[in-house]
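Presented as structure tokens, the chain that follows is alone, the form predicted alone.
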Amino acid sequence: MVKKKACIFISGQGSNLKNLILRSRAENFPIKVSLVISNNTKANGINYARKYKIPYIFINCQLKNYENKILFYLKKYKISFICLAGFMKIISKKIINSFENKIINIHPSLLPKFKGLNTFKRVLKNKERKTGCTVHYVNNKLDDGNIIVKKFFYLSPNDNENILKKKTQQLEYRAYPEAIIKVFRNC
């Protein structure tokens, strides 16, 4: 199997990045993590890129034409697939158009419910019976692309935001690799 070179975009802890790096080392997994991009110089997830000797760059998304810098590095490293893993910036139309149907994202809710930020707080406020995560294609609307995989769990009476985050992350570690395999099985 010829693996596709993938770039993972992160902003924070990088737990999904670590999971994808480890999964990508399996012979039958369809991607190789070849680049990590972060908009946050303090993102702990960069430590996983360092540990596993994966090139990484920081992009200041406040700068004019930052998309050109991202596209330059994606081309330089011959990236053909992008995974957003806790990247806390909206991807520009220019990048989406350059990688049409080749960018996926993981979101900590059962889309189309609770798009955007503060998901766990909203799930609790709305007294949901179940929640989970969704892996979807990225398009020009926030958390709106075609769904690839959804995983859910039922809430317990003692669940709070921290517990929901931990439970959701455990699902994400299964859902994201499953979605990547599904994407490339359908190619």
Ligand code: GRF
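Since we're looking at a predicted model, the values are computed, not measured. Counting begins at 1, following the sequence as shown.
Omitted here: the form predicted in complex with this ligand. The next part is about that form.
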Ile104 within 4.5 Å of this ligand in the predicted complex, heavy atoms: no
Ala85 within 4.5 Å of this ligand in the predicted complex, heavy atoms: yes
Non-hydrogen atom contact Ser15 with this ligand in the predicted complex at 4.5 angstroms: yes
4.5 Å heavy atom contact, Ser24 to this ligand in the predicted complex: no
In the predicted complex: members of 155-181 within 4.5 Å of this ligand, any heavy atom: Gln169, Glu172
